[in-house]
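Take a look at this single chain in structure tokens; it is the form predicted on its own.
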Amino acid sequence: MEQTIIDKLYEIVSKNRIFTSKADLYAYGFDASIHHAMPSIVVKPKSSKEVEEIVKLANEYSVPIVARGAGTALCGQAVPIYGGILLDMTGMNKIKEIRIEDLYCIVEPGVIYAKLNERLAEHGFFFPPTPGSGDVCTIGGMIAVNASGMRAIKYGATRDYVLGMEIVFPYGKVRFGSRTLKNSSGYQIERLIVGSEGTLGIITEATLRISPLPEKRAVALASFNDVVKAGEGVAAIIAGGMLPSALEIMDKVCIEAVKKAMDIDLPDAEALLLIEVDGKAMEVKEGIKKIAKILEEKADKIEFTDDEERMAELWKGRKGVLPSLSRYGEDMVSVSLADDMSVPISKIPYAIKEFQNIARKYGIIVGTYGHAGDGNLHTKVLINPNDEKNWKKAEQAVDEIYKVVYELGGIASGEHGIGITKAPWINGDIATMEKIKKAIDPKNIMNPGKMMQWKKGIIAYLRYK
């Protein structure tokens, strides 16, 4: 990077918030994906004014600029593949306003999801999207990929809660949206930005809708001797008129991994369903009874609990699937490849069965789990990352998995976004997306090369040697 640009950055941001050492640049080259690339420089802004001046500078010199939150993205969104400026947005972490009476809050992008909900809980409210990385991920990152999680079946995804936004485009800072719950005033640009993965601009503030915390929760843990039956159980619950607050699935590989790595009390089974019902106490009681009746002929065993400690243990196990899978076998790690597809709910049994067939065909291990209630499945491929043949087999298997997904009427990503890892299978009107990108970012400085711009295979810029 030109010394002129570095000198100008020092004029915008204090030196203790600019990082240039090789160790820092190497560390910032990661997110939670399989990819890695080093930025030219890292800058940690503290205000929207600083962000605006940095973006203006980057645009003037045609320097790539990538925004990074907590680095929990699973598809390479925060990996600076062309170097340039990486913005560490965690320094902008203020909860600016909480308006319970108006059902919204205003936050900076570096606010951690769990910290926001701690504050909201003091008032009996919460921000409902529930990503698995919620203890560390930032609101800006959630908006960038339209994150959701296990409670999306009832409460929706991040996009459903963004009322307004401040964003810095290459041509300047803009505010749009509102602080009202309803908005029928022209183009809703804030909804376009959700899921844009930093390819259009940098989020510097968000106005978010909030919801009252439910009075009570209870959980049903159903075990099955056949993973397809578990998938049929999901479809039966939805078809039976139930809308649980969470409906999760774990196959045998995931169950064994969690038990081994976390020593959590789970039954031995081919598959588990973890079903949560929330609301008024009587509604929860009736909901659990209805679930028991729906599953009585499909499940081998059903456990019910409203004990806070047991529910916390079960959800800890579910959230721990991803890291636990890397403890499943010797010399294996869990890699995020085809890990976030969505299919119609009724197609879940077929999808899981086909994923298992593909894994057997290529002689690899695939763990399947996820938010079955809304059709959002995660498949983690377990391989020895030091064996080139394993990568090739995994890539072939992933391609076949996505072919199945599309045959079933599904899409490539339900909540993790596209980045690099999903780019070969992105669907939708690519031409229109490219036109929007060019209109807003004509010099292509905003997170270039991601989503529809990625034209290579997925085994690229690997963090593994």
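One-based numbering along the sequence shown. It should be emphasised that the depicted structure is a prediction, and the values quoted were computed from it without experimental measurement.
Here the subject shifts to the form predicted together with a further copy of the same chain, a form of this protein not shown in this document.
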**Study point:** Touches a further copy of the same chain in the predicted complex: Y171 (any heavy atom, 4.5 Å)
**Key:** yes
Even though the partner isn't displayed, in the predicted complex is M89 close enough to a further copy of the same chain, meaning a heavy atom within 4.5 Å?
no
Original post:
Applying a 4.5 Å heavy atom distance criterion, does R99 contact a further copy of the same chain in the predicted complex?
Top reply: yes
| said: Check G29 for me: does it contact a further copy of the same chain in the predicted complex (non-hydrogen atoms, 4.5 angstroms)? | reply: no
Among D268, E286, D306, D387, just one has a heavy atom within 4.5 Å of a further copy of the same chain in the predicted complex, namely E286
Only hit among G367, G317, G149, G140 for heavy atom within 4.5 Å of a further copy of the same chain in the predicted complex is G149
Note: a further copy of the same chain not shown here; in the predicted complex, the stretch from 30-38, 430-438, 66-74, 45-53 having heavy atoms within 4.5 Å of it is 430-438
Non-hydrogen atom within 4.5 Å of a further copy of the same chain in the predicted complex for each of Q188, R209 and E415 | yes
When a further copy of the same chain is considered in the predicted complex, the residues of 159-186 having a heavy atom within 4.5 Å of it are R159, D160, F169, Y171, V174, R175, F176, G177, S178, R179, T180, L181, K182, N183, S184, S185, G186
